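Okay, here we've got a single chain as structure tokens, the form predicted on its own, with questions on binding and movement later.
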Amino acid sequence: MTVLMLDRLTARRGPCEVLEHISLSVGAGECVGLIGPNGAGKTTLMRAALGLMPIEGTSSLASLSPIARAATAAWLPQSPEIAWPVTVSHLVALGAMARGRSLDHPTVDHALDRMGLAAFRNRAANGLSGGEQARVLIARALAQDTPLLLADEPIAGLDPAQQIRTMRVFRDLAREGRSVIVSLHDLGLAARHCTRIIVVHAGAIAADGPAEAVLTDTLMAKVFGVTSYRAETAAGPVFQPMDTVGP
């Protein structure tokens, strides 16, 4: 089943064309890592796909009504901040409420458990650390319980253990038949946990496929300007940028 279809999607910011003729589809059970250098168009791609900005071309999500879109896709934007003095459980429950569900819907407890936040449920969400707040907002998106989750740099600011745990949650969602599109800069975590990697460069798709086919020396040098080290281990693939190319 296809959960997202883009056909010749083009997005502009003023006179500047940020994305040009992006066509792709995402199916059920995929954990898609969206990677690319700063300013490549990753955030714009997700916002445009969701219909949060004017577009040319088509997006299967943008064409839906707001209610149908909320039932299809959950959105976790970049650099989240909690300003409201509400409890963690109440904030997470807002995800369920986006689907017209109750504050005590089972998806709320499930999301808290998945993000290791059960012990925080009665604490004020805006009193938590930045990393803890980020996990609460991920849990809110999980509580929406949609076939597709789009997350823009959700592991930025998390400690290494929480980064791994969060990527494991996304991978497990895919194994359960749901779909995730996650933008991130940690290429090693993308290689280990994503079933597919899409590389965005200069507003276009530079590569799309499994990690072993995408994270090549040639592409890393062209898109990121780095050399890299890769290895297959008993614990899974290891991928590490090593140095910049040139002076």
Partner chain sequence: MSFRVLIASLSALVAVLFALSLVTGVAPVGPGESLAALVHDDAGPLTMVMREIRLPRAILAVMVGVSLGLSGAAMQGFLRNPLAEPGLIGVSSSAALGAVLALQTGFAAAFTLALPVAALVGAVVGVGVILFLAGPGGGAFTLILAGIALSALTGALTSLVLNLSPNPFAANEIVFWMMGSLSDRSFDHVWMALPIMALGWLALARTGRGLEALTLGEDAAASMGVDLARLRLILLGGVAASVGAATAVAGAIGFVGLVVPHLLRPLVGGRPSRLLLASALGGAALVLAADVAVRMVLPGRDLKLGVLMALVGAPVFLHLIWRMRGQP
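Residue numbers count along the first chain shown, from 1. Note that the structure is predicted; figures quoted are calculated from it, not measured.
Beyond the structure shown, there is the form predicted together with its partner chain, which is absent from this document and is the topic of what follows.
In the model of the complex, its partner chain stays beyond 4.5 Å of every heavy atom belonging to residue 149. The shortest heavy atom separation between residue 82 and its partner chain in the model of the complex is within 4.5 Å. In the model of the complex, its partner chain sits within 4.5 Å of a heavy atom of residue 90.
Looking at residue 140, you'd find a heavy atom of it within 4.5 angstroms of its partner chain in the model of the complex. Here the chain stands alone, but in the model of the complex its contact with its partner chain, taken as any heavy atom within 4.5 Å, falls in 59 to 67 among 213 to 221, 26 to 34, 188 to 196, 59 to 67. Contact here is defined as any heavy atom lying within 4.5 Å of its partner chain in the model of the complex, and by that definition not a single one of 134, 170 and 175 is a contact residue.
Out of the listed residues 117, 158, 164, 97, 97 is the one that sits within 4.5 Å of its partner chain in the model of the complex by at least one heavy atom.
Along 34 to 62, a non-hydrogen atom within 4.5 Å of its partner chain in the model of the complex is carried by 47, 52, in order along the sequence.
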